[in-house]
Each structure stands twice: as C-alpha cells, then as structure tokens.
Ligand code: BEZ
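One chain is shown next in structure tokens, namely the form predicted on its own.
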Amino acid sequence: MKETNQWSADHYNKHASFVSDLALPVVELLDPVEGEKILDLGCGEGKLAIEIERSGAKVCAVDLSEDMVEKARARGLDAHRMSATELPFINEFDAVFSNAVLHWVKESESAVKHIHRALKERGRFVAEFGGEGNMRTVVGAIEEVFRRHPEFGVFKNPWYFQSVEEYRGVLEACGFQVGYIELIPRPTPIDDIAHWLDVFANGIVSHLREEERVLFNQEVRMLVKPKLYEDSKGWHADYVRLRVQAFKR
C-alpha cells in the first residue's frame, strides 16, 4: 500500500509558514507581468499565488491536497485538486511556478513533460524545491530509527532530492532550455523538529500505532539534536534548495 503524506492547512500554517515566507526570491525570479496566465503548481493555501496576482497576472492554482485547495479557494483563487504528473493543460500558460513541491514527485520526468506541455512556446518554468543534500541529517536519522525497529517495517523514502546535473538532464531531455539552476544551502529556523516530522513525515509512519509514532518522533529528535539544535538559537532544518529557471524550446 502506498503511504501518502496527509496535509492539514491549519497545521501547516502553524508550523511550516516559513516555506512560503522564504520563497519571495523565487517569485522575484518568476517576475510575473500584468496580463500573463500563470500556473502555480502545488499552491498550498495560496499565499504565493496571491503574491503573484499582485502583479496583475492571472493565476491558476493546483494542489494535490483537497484541504489546501479549499483554503486557496477561500482566498478567492481559481484553485483545483490536481497531480503534477496528470496536468491536462496544453500550450496554455506563460509560466509555471512551483515552490517546495517537486521533491515529493519521484516521477520527475513525467512532471516535467506535463509542465512543458502546459506552457506556451518560450514559456518559462520557475521552481524551487529540495535538492541534493536536503534534510540529510533528518533522513539519516529516520533510516537509523527504522533499522533499530524492524517492527516498523521498511522505510519508504517519499522524497527525491536531485543534483543540479540530474535535474538539468531531465529538463533538457523534456525540451527545456535551462537559463539558471543552482543548489542553495539554506539552514532554516523551525520551532521544533518534532513538529516538522508531524507536518512533512506523517506519511512515513501512517501505518504505525500511535505509541510507535510517538517513539519514532522521540528517537529521530534525539538523533538529530546534536546537529540541528543550539541552546542560543533553537532548532533549524538543514535545507538545501534547488532553484531553477528554464524556457520551453
């Protein structure tokens, strides 16, 4: 059975608002223009789509989470539940924008093909998501906890953190000309790694009993604390982001 992360818009907003708060440089790279039609792929509750629409562009917002889509609609956005690998659009958008989503899509070539197809000729694709080395300390700790507890089953890593070379190859194979691509180390303050796990890793332990999920969080927290916590600064996540701008050939 495929394990899927469950997204609560309210829980996400409480413990992970930094995801959109830190994405304004990606919106600047997008550089939306009045009258453009832009697809926000993985819109969440729509915070960045609202920012993009301030330029006068029209945003179509899509997300796989129905809860997120409902929150985006409540903000007045044209929002729809949709998968990155099943986009129905053909030559429709001036740009496709995506933040903190595509590391969840292991079928990256399929997603990029659908993004390419959705764009108008010379349309641009601007995105940022987890890249090679992202959350390395946490992923290593999760692997260790599963090794310690065979009763938890097999760790099914839901993320795909690609290198510059890997993703450039995917983009070019799918018909894009890469204008800019870079890995950006970005240690990011968070309130507590246990809350990060609750938001971003709940699908990994969805098959466990409640007491096992509590144990999982406790042991991961203990393992990562020496590297990701300081008394004077609190917790941080060892993020590495892959930022890209590409154009449809």
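Heads up: residue numbers just count along the shown sequence, starting at 1. Predicted model only: the values in this text are computed from it and were never measured.
Omitted here: the form predicted together with the named molecule. The next part is about that form.
Checklist entry - Is residue 100 close to the named molecule in the predicted complex, meaning a heavy atom pair under 4.5 Å apart or at it? => result Residue-level check for residue 100: yes, a contact with the named molecule.
Next on the checklist: Taking the named molecule as it sits in the predicted complex, is residue 146 near enough to touch it, meaning that at least one heavy atom pair lies within 4.5 angstroms?
Outcome noted: Heavy-atom contact with the named molecule at 4.5 Å: absent for residue 146.
Checklist entry - Given that the partner is absent here, does residue 159 sit within 4.5 Å of the named molecule in the predicted complex, heavy atoms only? => result Yes, residue 159 sits close enough to the named molecule in the predicted complex that at least one of its heavy atoms falls within 4.5 Å.
Next on the checklist: Is it the case that residue 235, even though its partner is missing from this view, gets within 4.5 Å of the named molecule in the predicted complex, heavy atoms only?
Outcome noted: Judged by the heavy-atom cut-off of 4.5 Å, residue 235 is well away from the named molecule in the predicted complex.
Checklist entry - When the named molecule is placed as it is in the predicted complex, which of 76 to 84, 116 to 124, 101 to 109, 147 to 155 ends up with heavy atoms within 4.5 Å of it? => result Going by heavy atoms within 4.5 Å, the stretch is 101 to 109.
Next on the checklist: Using a 4.5 Å heavy atom cutoff, which residues in 185 to 217 contact the named molecule in the predicted complex? It's fine if the answer is none.
Outcome noted: Stretch hits, in order: 196, 200.
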